[in-house]
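Only one chain is given next, in structure tokens, and it is the form predicted alone.
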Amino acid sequence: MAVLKEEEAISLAEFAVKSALKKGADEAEAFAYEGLTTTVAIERGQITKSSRIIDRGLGIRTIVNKAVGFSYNNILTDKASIEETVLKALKSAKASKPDKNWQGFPATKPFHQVKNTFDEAICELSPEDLVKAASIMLEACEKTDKRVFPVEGGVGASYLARAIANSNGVIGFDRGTVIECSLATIAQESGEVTPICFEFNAERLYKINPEWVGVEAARQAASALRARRVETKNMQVILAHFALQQLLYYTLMEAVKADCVQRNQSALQGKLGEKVASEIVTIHDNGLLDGGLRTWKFDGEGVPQQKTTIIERGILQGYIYDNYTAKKEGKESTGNAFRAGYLSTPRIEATNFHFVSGKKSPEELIGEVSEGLLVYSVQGAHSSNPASGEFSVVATPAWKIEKGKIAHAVKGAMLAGNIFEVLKNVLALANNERKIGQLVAPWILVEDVKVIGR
């Protein structure tokens, strides 16, 4: 299947914009997208299937009297089909109410160069190559501990391309690659079955380590055996990468979105310049992070992505904006308009939410805890309240720490509290930074977290 070339993608987007203006739009924008993804799935310890998904299309926004209309199609190269989509977007705009806050699409700005986001080697991988990687992962898991069973997982490789044009002269094209492997496991012994344990590795360049994923997924599950209950009390907690990502995604990442702030739905509204976290906490939203999973030259509206300081040494410095929310405040977009593809209009999302790491090894962090928990993952974070920061989650898998050492696995423990209190109570940061979805972070040690035993 031929890959959409830069000139062709830009030409199609520009054609859609010109067509919309000719047909009566005051303004127009076209976003072309192509995704080619090959995956190999693991189910119940076996490599079960390989699939290839090809998704390409064009999303068109038109403005008529400050009313926004949107339509899309997935027949990219047919100009008659594009014109039909333009007419649908115009019809949608004419049927919508004018938005008094609409102040136009973004104007053109130079894009920054990004590093380590595209690797030709990923594009050339065959399904057989992915099967080999999946086999390495499974073998590594099985060799590590016979009590461990791989439940599900897989290996996937993607090529992604995006082009944008609007009636203010914005024109852009970018392409990138992603490769990832993951494995979920359980361990069984003497009638006890552990919770699901999970490990994965995702990169923009072809440098994943399926063997490490297999070993880690097995080691985690085996160490989750012989779990005991804990008493209810406030204690120190180390939040590992997944647990931290799950908690922050539904709380802090929501609270710094300009639309949440403007709708009075953020606990951080009106707190710029105030202390909102421990002074060892610094967080940037870095859309230009070298090799970041969400690094692109431009966002879903053609605004250059950038590095935005959110919290510096505990002080709240800024929010993240798309073009619409920025113009409402007379500001510039921070390049945080996100589009997963061509099927929807942009929304505000973090790019690479970078929680700057410390200098301590994970072992040193554990060594500082006299009594506490190491929490790898949590369940129920989606029910957290972004407006208040309140959360109540199940810690699983998790381990009890006693006198600076891992003592045993824990079952039935819950964590409850407020994410903004958690951020103020960060005591130490490890040096084991990882990319987990939008979050780039190390382990963090927090004091005075309410742990509820059951």
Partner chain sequence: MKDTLDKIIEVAVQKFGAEYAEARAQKLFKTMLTVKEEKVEAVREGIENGVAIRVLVNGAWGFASVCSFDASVLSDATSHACKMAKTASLKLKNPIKLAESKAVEDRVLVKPKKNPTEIPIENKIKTTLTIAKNVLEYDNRVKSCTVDYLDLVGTNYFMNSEGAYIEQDKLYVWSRISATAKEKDVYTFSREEVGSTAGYEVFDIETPEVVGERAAKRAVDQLKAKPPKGGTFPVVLGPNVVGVFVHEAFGHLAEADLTLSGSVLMDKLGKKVASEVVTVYDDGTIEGAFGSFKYDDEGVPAQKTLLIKDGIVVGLMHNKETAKKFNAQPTGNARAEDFRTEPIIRMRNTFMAPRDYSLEELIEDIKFGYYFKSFRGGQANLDGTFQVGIQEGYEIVKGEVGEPVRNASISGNTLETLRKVDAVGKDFELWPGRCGKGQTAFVCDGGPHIRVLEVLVGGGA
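Numbering follows the first chain given and starts at 1. This one's a predicted model, so the numbers in the text were calculated from it and none came from an experiment.
Only in words, not in the display: the form predicted together with its partner chain, which the text now covers.
Participant: Hey, of 213-221, 330-338, 154-162, 373-381, which bit sits against its partner chain in the predicted complex at 4.5 Å between non-hydrogen atoms?
Facilitator: Stretch 373-381 is the one.
Participant: Taking heavy atoms and a 4.5 Å cut-off, does S190 contact its partner chain in the predicted complex?
Facilitator: So S190 does not count as contacting its partner chain.
Participant: N65: heavy atom within 4.5 Å of its partner chain in the predicted complex?
Facilitator: No, no contact at 4.5 Å.
Participant: Answer for E390 alone: is it within 4.5 Å of its partner chain in the predicted complex, judged on heavy atom distances?
Facilitator: Because a heavy atom of E390 falls inside 4.5 Å of its partner chain in the predicted complex, the answer is yes.
Participant: Taking any heavy atom pair closer than or equal to 4.5 Å as contact, tell me whether Y324 reaches its partner chain in the predicted complex.
Facilitator: Looking in the predicted complex, residue contacts with its partner chain include Y324, since a heavy atom lies within 4.5 Å.
Participant: Would you kindly say which of A121, I75, L272, I280 lies with a heavy atom within 4.5 Å of its partner chain in the predicted complex?
Facilitator: In short, I75.
Participant: Which residue, K88, R313, R228, K307, is the contact with its partner chain in the predicted complex, using a 4.5 Å heavy atom cutoff?
Facilitator: Here the answer is residue option K88.
Participant: Do heavy atoms from each of R56, S135 and G412 fall within 4.5 Å of its partner chain in the predicted complex?
Facilitator: Spot residues vs its partner chain: full contact, yes.
Participant: Determine the residues of 129-160 with a heavy atom within 4.5 Å of its partner chain in the predicted complex and present them in sequence order; the list may be empty.
Facilitator: Heavy-atom contacts within 4.5 Å come from V131, S135, E139, E142, F149, V151.
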